[in-house]
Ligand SMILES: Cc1cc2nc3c(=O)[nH]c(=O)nc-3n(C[C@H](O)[C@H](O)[C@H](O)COP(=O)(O)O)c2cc1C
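One chain comes next, on its own, written as structure tokens: the form predicted on its own.
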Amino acid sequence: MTQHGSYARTALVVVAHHRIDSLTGHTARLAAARLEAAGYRIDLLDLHAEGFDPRMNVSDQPDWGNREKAYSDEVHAHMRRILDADVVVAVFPVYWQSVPAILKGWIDRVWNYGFAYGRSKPRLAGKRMLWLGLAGATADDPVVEGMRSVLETNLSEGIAYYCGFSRSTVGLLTDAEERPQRLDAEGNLLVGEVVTGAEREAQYADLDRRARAFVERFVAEEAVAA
């Protein structure tokens, strides 16, 4: 078991989907199982199931003149879960080449001024981040490369590294829809027939394989870093 001092390392696995039976939820559970097998204690944060409100409010609005502002009890509890984690893994469907509103709102409210940024010594320094995004686009869709680049820029550079994380990795899982989707040369969206039977099983087995590979690489890099 991987150890950090006298206790097992902790992975905060954040799920951003409204259905527990979704492919996103399945992928999050798969990621959690692989991390647990590698010796991590799992803290599973299902944002929808826990009723997290992604809307900014007065209590959690940053005060640029006071980085010691006491935020709401709800946000403070989430901050503690992040501080207690050695690694954070966010699993989400890709919406408009970005994360869903509930995940963005969690970052807006919880990764707040004075906590995640705004200090000469970042409180989240040294932590590691894995973003697993499920996309409906097919692997051969020309949009995928741009999507990957946008996600890496926004999530790794714009959020994780800005907040002091030592490493941030984006794992883009294409072919996540039961109807294949891709853009043609003129930019028209082409939606194929529903994939069923053995072909569907093979498609989802391949997605599982790719998700496991991202997690296992992440774990291997973490072991080297430790």
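These numbers come from a predicted model, not from an experiment. For every residue, the number given is its place in the sequence shown, counted from 1.
One more form of this protein, predicted together with the ligand, exists but is not displayed; see below.
Site annotation in the predicted complex: the residue of Ala85, Leu103, Leu134, Met129 reaching within 4.5 Å of the ligand with a heavy atom is Leu134. The single contact residue among Leu45, Val170, Ala176, Ile42, judged by any heavy atom lying within 4.5 Å of the ligand in the predicted complex, is Ala176. In the predicted complex, at least one heavy atom of Pro93 sits within 4.5 Å of the ligand.
Proximity of Ser22 to the ligand in the predicted complex: non-hydrogen atoms within 4.5 Å are present.
Proximity of Gln97 to the ligand in the predicted complex falls within the 4.5 Å heavy atom cutoff. Remark: Ile107 does not count among the residues lining the ligand in the predicted complex, judged by a heavy atom distance of 4.5 Å or less.
Of the candidate stretches 183-191, 23-31, 154-162, 66-74, only 23-31 has residues whose heavy atoms lie within 4.5 Å of the ligand in the predicted complex.
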